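Encoded as structure tokens, the following chain is the form predicted alone, with no partner shown.
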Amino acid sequence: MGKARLAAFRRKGSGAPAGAQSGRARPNPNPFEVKVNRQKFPVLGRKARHAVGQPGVSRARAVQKRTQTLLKEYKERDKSNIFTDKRFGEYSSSMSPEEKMMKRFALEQQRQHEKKSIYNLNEDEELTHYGQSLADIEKHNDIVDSDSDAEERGTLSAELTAAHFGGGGGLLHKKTLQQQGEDEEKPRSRKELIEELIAKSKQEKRERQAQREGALELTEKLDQDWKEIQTLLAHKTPKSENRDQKEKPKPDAYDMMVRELGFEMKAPPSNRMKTEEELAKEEQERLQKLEAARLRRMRGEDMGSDSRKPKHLSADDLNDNFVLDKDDRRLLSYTDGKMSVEEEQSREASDGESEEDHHEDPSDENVEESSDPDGHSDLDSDTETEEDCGRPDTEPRLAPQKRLANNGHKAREAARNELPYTFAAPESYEELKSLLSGKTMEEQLLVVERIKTCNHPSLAAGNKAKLEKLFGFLLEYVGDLATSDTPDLGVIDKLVVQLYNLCQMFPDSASNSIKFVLRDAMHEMEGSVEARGRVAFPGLDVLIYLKIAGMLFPTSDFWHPVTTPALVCMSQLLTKCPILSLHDVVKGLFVCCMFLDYVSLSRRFIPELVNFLLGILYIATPNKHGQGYTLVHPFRASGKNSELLLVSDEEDTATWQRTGLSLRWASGLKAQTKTEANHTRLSCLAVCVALVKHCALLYSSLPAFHDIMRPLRALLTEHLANRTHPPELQELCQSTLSMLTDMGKQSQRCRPLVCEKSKPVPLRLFTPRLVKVLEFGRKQGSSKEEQERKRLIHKHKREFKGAVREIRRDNQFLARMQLSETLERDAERKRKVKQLFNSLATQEGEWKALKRKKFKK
């Protein structure tokens, strides 16, 4: 910046006349202040800029400019008052003084004629009404005339007001003076004036009354004329003619429904729905009351004596002891617009309550009758006689006291054998097993349900942990039921519902329990593989655990922390467990069924499933050609178990009927006879063919469907060639094979991979590349956009450096100014201090001189 200014200054100086240069103090610059910028090599056609510079002159100009701008701002940094000249055109050089004056005068006139309020649109106009200003009317100075009618509410005249309410002397005097001036008559007395005013008011009143009567007469006349004209304008037909011309339309179904809805009674508001916590609390209280009643019945104590006492008897009571056993009244209700009669149920919903009612009534009544001193013996005797009459004659009659004691003993025994209503959450598996063992399926489910109800998480703080433990205990109990000699599958099926409810309440702990069981099963499999080199199919408990995992957790997820390990475990079972017996076949088919349940929604392809079904069909095929399929582990093409499912007995084949396979075969059940074993083999083959059909329906949309089902199609063809199978089984194979063939034709076969056809690549043409040279040097060989980008980057870099340099110089200038101010302040302070010392020294000298003069005297 300084060099450019110096060059401009030199150009201006070179163009100035000689006289002007000679008038300067230093026409020739100091050679020591001139800086020559030498080039490395000369370039033809390039103008040398800034070849000679004057740093001193540039520095002086920069200091002068900073003194006029930066120093001025620095000195005014602490000042807040600023004088601003707002005169129109004061600093405008394009306007002459006369134009400025004219414009200022016009603005002054415009400012005077401006409205005072921007919301007042009629500030300069005065609105009137009948010659009176609206502003005066709004002051409400008029006086109301009390004698005026309601229609014309006028104001009292000034004369009447002055005459009746005082202050009218001056007004009357003024009125008389005016009349003297106008009529040149003598002034009248006050009485005459009042009479005149009264006469005028009465006359005005009569005039108004006459005007009102005339208006009423005119209105009546107009009404009569309008009626005559109206009869001429609109001629109405008689009602009889209208009835003949147009019949009234019948209401449609919609109108009838709207009228019915209008007459229907609105439904009363119902009670709000209770929360889960409130329902659990009520259920717990109900079970506690029932348990307390059961314990009282078991101990034979009197319960509810106040409620069992007879009610108050009226004077008209016949005392016939007639009591209704149940309420035979019927409940009327409407269903789809028809009346239906339903008998009200007298028993409670739960089994516990029904048992309580069944055992409670006779025992409680007998206990009360025997223990109550007042007893109401007449009532007791009547009831006893009625009971005795209902018994057969052959039965010996007991004494009343013995019968009461016998009934009480029976009631206590029934209460003792009755299932408790409240249970504490078991702390160990042994406690749960002791609660459930020896009970029927319904009782076991009721015990588990009551444990859940009495230990709901909303009732106490530690109930959540107790129910989480209960899930693990129930899972272990299910495993024990499955591994028993006779597995109770019905109880397991019902307990799955309780496991599902607990899983919905505590999904994290349930998933951890299932994963722990599956992890143990996988570890056992790995240990047996390492020890013996092979592993057998697990027991029924592991299979049921896998089934429960698929029922409790979603199986369609791409990855799930429970179902994904379960799928891996099942695939390991189908690939690592060899088929050694009929039990292994049943277990493998059960695993295949679980696989299909798992992937029914996601349609995930399971190669282990297809390979296992292929192996089952192979070991059931009598004549094996080995064309079109290949066996994989755990099946072998030849060996001891390669013909495990072959049935050679024609009698057993003829007597076979298609039934489902029972899981009892998976628990180690052995066939009693050879016929039963052959029937089981045929059932296994039928289940395998049905699974193949299910797989075909499931994987029909896969591109590789034809290749996947080709081995199965080949084996099914070999089965059809063998005519030894039952007709029902052959029909199943035929339908499955035809379905596979049809689906294979419909599906698109995969085409073999081939190289993509492409045009031959032409030879390279050595055409010279033309590059437009815009600049030389480092910027050579780039496009125009790239050169523009580099130019902007270079410009930004140069400007940034220049700004940093100017800021640094500004800071240095301010530092010099601050130093100069500090030095000036210090010098001024020294000068003042020196002046003070001088004045003090002079004063001290004068005082000493005066003191010496005094001593001399």
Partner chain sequence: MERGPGPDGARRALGCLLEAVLASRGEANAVFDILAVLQSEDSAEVLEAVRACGRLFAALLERGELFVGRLPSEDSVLAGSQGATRKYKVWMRHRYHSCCNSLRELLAHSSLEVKELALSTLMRFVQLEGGHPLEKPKWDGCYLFPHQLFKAVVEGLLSLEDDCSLLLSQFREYLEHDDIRYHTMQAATDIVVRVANRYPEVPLTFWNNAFTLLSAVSLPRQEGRTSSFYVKHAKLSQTWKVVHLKEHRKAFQLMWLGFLKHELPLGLYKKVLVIMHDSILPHLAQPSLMIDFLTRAYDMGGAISLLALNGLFILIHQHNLEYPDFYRKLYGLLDPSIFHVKYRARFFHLADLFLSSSHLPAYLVAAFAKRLSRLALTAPPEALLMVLPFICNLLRRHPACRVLVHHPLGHELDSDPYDPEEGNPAESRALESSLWELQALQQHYHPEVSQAASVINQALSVSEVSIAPLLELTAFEIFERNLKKKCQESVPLQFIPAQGLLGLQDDLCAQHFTLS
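Numbering follows the first chain given and starts at 1. Between two forms, the rigid core is defined as the largest C-alpha subset superposing within 1.5 Å. Remember, predicted model here, so these are calculated numbers, not experimental data.
What comes next is about the form predicted together with its partner chain, which does not appear here.
Can residue 559 be called a contact residue for its partner chain in the predicted complex at 4.5 Å between heavy atoms?
Residue 559: contacts its partner chain in the predicted complex.
Residue 753 within 4.5 Å of its partner chain in the predicted complex, heavy atoms
The answer is yes: residue 753 has a heavy atom within 4.5 Å of its partner chain.
At the 4.5 Å heavy atom threshold, is residue 439 in contact with its partner chain in the predicted complex?
No, residue 439 is distant from the partner.
Mark residue 605 yes when one of its heavy atoms lies within 4.5 Å of a heavy atom of its partner chain in the predicted complex, and no otherwise.
Yes, contact at 4.5 Å.
Hey, with its partner chain in the predicted complex, do 673, 682 and 737 all fall inside the 4.5 Å heavy atom range?
None of them does, since no heavy atom lies within 4.5 Å of the partner.
Partner absent here, but in the predicted complex, which of 73-81, 605-613, 456-464, 196-204 has residues with a heavy atom within 4.5 Å of its partner chain?
Looking at the partner contacts, the answer comes out as 605-613.
Interface residue in the predicted complex among 580, 551, 714, 95, criterion: non-hydrogen atom within 4.5 angstroms of its partner chain:
Only one option qualifies, and that one is 551.
Though its partner chain is not shown, can you say which of 702, 279, 646, 743 has a heavy atom within 4.5 Å of it in the predicted complex?
Among 702, 279, 646, 743, a heavy atom within 4.5 Å of its partner chain in the predicted complex occurs only for 702.
Note that its partner chain is not shown here; using its position in the predicted complex, name the residues of 496-526 with a heavy atom within 4.5 Å of it, in sequence order.
Read in sequence order, the residues that approach its partner chain (within 4.5 Å, in the predicted complex) are 496, 497, 500, 503, 504, 507, 508, 511, 515, 518, 519, 522, 523, 525, 526.
Can we say the CA of residue 679 moves by at least 2 Å between the shown form and the other one when the core is superposed?
No.
With both forms fitted on the core, give yes or no for whether the Cα of residue 294 moves by 2 angstroms or more between the shown form and the other one.
Yes, its C-alpha moves 2 Å or more.
Pair residue 285/residue 472, Cα separation in the predicted complex versus the displayed form, closer or farther by 3 angstroms or more:
Pair moves farther apart in the predicted complex.
Having a change of 3 Å or more in the C-alpha distance between residue 503 and residue 287, I'd like to know whether it is closer or farther in the predicted complex than in the form here.
Compared with this form, residue 503 and residue 287 lie closer in the predicted complex.
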